[in-house]
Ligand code: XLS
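Consider the single chain below, provided in structure tokens and representing the form predicted on its own.
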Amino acid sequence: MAEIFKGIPKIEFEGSAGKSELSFKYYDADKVVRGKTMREQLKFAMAWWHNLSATGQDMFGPGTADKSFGAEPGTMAHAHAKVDAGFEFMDKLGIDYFAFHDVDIVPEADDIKETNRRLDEITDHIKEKQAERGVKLLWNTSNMFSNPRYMNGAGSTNSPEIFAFAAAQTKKSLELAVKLGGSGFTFWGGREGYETLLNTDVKFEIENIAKLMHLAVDYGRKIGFDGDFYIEPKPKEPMKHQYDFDAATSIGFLRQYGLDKDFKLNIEANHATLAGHTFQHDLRISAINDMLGSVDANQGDLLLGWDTDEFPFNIYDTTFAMYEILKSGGFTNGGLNFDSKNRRPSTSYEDMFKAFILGMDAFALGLIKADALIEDGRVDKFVADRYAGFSEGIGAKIRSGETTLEELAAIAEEKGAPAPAESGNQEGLQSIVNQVLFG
């Protein structure tokens, strides 16, 4: 088989003093951090849709990058070429996982039976490559937002026929998950939302989304899918208001409709910031609810109000992200999927590799610094001390539920008005973080 990325070597660890742009400065795959290698802690994945398909097209102009890989786009020959390119790319970077939508890996036909035949053909090719390289499927999903039939959503559609078509896509994608050994299956509600309440029955739509997810769980478990199902929260875009607004909203939905035993969350950095949160916030909310499943690793541009899907380079963000992930026990079925794309002027094959090196190094450094922050202990100790009053006396009774409103009122009357709580020391803690990161 001809080499596609000619002239690009296998990317090696060079160290922080290295000058080559085609080397890792911080990602040392075999380096042990908190009892696991970096490879095990980070579990990097390649997103098929951006890395092998996105050409830089935007609303103002066509694509600028050639992702044909020597074949005619829109053909099955091109689908096969992308498989070869993807596995060579992952091999050269030492990436162990990938993720995809159904129509990322094949061109969609007018007849779903033909689409499914194409999916069978291309996943045979992918499975052969997996056997050769040992690369695994992190998660897959169905694209139920691009085709015009889904202009009003898939589960949230007002058409039973479109709902049935979405169910058929989901069925096939679950079969592919089992075939390729996937450890996750994701629902991103790309158009599961509304533009105006004037034409929308919100309760009806949310109930039907839950019904589609229950059908997916039932079928997936029936055919042997034992991984996690994921919801990927996003507040807006393309719909003005999407039902999976943020981590807290999605968790409430899962619990209300009895889906919380099978589902966790796939948290994307850029989606969290679009919801008005930090990346760390949605990770923390997921973790404390035992719902942190996987992560889409990217970042947004805070000067822009849309989903820019940039490769992550902000070390504060990656440190705080890995701090939350490590403290929650690390990944099980999930990992760090680069739902990230090169900027439109970055058009070369080398740029594709440099972008992944940037993101992988950013999270590797974040892992190193998060471990150092935990080992330093001052932040954790401050938080523990801040709430220490609830570990004994009336505080302990409050926590254990052994007190009453009457007893607490009597204590307040006896002791009088309390002084303000002790300092929150925000600036001091931020200084500690800077010392750990740059000291």
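Values in this document were obtained by computation on a predicted structure and should not be read as measured data. Numbers for residues come from their place in the sequence shown, where the first is 1.
Heads up, the form predicted in complex with the named molecule isn't pictured, but that's what we're talking about next.
Of the candidate stretches 264-272, 285-293, 74-82, 217-225, only 264-272 contains residues with a heavy atom within 4.5 Å of the named molecule in the predicted bound form. Proximity of Lys43, Glu310 and Phe363 to the named molecule in the predicted bound form is absent: no residue of the three has a non-hydrogen atom within 4.5 angstroms.
The shortest heavy atom separation between Trp49 and the named molecule in the predicted bound form is within 4.5 Å. In the predicted bound form, the named molecule lies within 4.5 Å of some heavy atom of Phe145.
The shortest heavy atom separation between Glu324 and the named molecule in the predicted bound form exceeds 4.5 Å.
Contact check for Trp139: a heavy atom falls within 4.5 Å of the named molecule in the predicted bound form. Contact annotation: of the candidates Tyr97, Phe89, Trp188, Phe163, the single residue with a non-hydrogen atom within 4.5 angstroms of the named molecule in the predicted bound form is Trp188. Scanning Glu205, Asp317, Glu232, Asp102 against the named molecule in the predicted bound form with a 4.5 Å heavy atom cut-off leaves one residue, Glu232. Residue Asp339 is the only member of 338-353 with a non-hydrogen atom no more than 4.5 angstroms from the named molecule in the predicted bound form.
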